[in-house]
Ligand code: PEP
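Shown here is one chain on its own, the form predicted alone, set out as structure tokens.
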């Protein structure tokens, strides 16, 4: 099976396409051993970081070009396709020299249009015919993500995939990178034929989150997964907390539930009609609410009052969220809805204050 067939497998009903390997190629022994264990589990695409962007200097920044021959050995001894991250013109040139099949652009790089364009130009000059995967930028900006994908496409690359690895946030609670699932879902809506690959290792940042995040990606009809797997995770030189053994990976993949995407939804027609009716009612109610907000804005203008009334907003938040919880709705969901409504109300009132 050639590389294109394997990639297209991800957009067929035979989900998931799986890419696995260590965060970093550390030694030749570790690189090849991990690859052989994964190959024995049926994994066909092997990932390993050669150059590692670190937040602060002094950390392990990858083995560098020294590790590229190790990936060649993996390909020769296992028959696996090999993938690594590139962030500069030199990375691309070196990776192509060593016959790397798949290149991915990391989150920090995809956030920089200059860097992505440099990579795109280098791919074009080299006539690269492999696969390029583009991770979402660190910040939650869909247009920036699409822009990076378009730059690669304009360079003549046609085998492109997107990787959802989550988005950076100050709130480091459950996840290392907040999923913000609605962003990749919108990407898939905008570019339906683009393979979408979930990265539970970087979203979760913890081994125990790899399995549930992988399942969630499958439930959202992602085409594949890219998972960090190391022959001895506890001794990994980078990101050891989020890496799992090939044995654990095999177990996770066997327990994944793949939903039937071919099943007809005809029986849902009546329920969907009810949702459409309710949505129309919601729009009517929101329009009425905004009209009242405008009247409040006019009153504030006539009495020279500031638009933002924080005490009143706090009261609305507390009361409505409490009521929503009683009705079985999540606090974060209700807060997001109220914030959006409040933001639009404020915008309309400011518009009234500034007109005339």
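Positions refer to the first chain, counted from 1. Note that the structure is predicted; figures quoted are calculated from it, not measured.
The form predicted in complex with the ligand is left out here; the points below concern that form.
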The one option of 151, 202, 188, 91 with any heavy atom within 4.5 Å of the ligand in the predicted complex is 202
Sort through 195, 233, 179, 106 and report the residue having a heavy atom within 4.5 Å of the ligand in the predicted complex. 106
Of the listed stretches (285 to 293, 48 to 56, 320 to 328, 301 to 309), which one has a non-hydrogen atom within 4.5 Å of the ligand in the predicted complex? 48 to 56
According to a 4.5 angstroms non-hydrogen atom cut-off, is residue 101 in contact with the ligand in the predicted complex? no
Residue 17: touches the ligand in the predicted complex, heavy atom cutoff 4.5 angstroms: no
Considering only 112 to 144, what residues come within 4.5 Å of the ligand in the predicted complex, judged by heavy atoms? 135
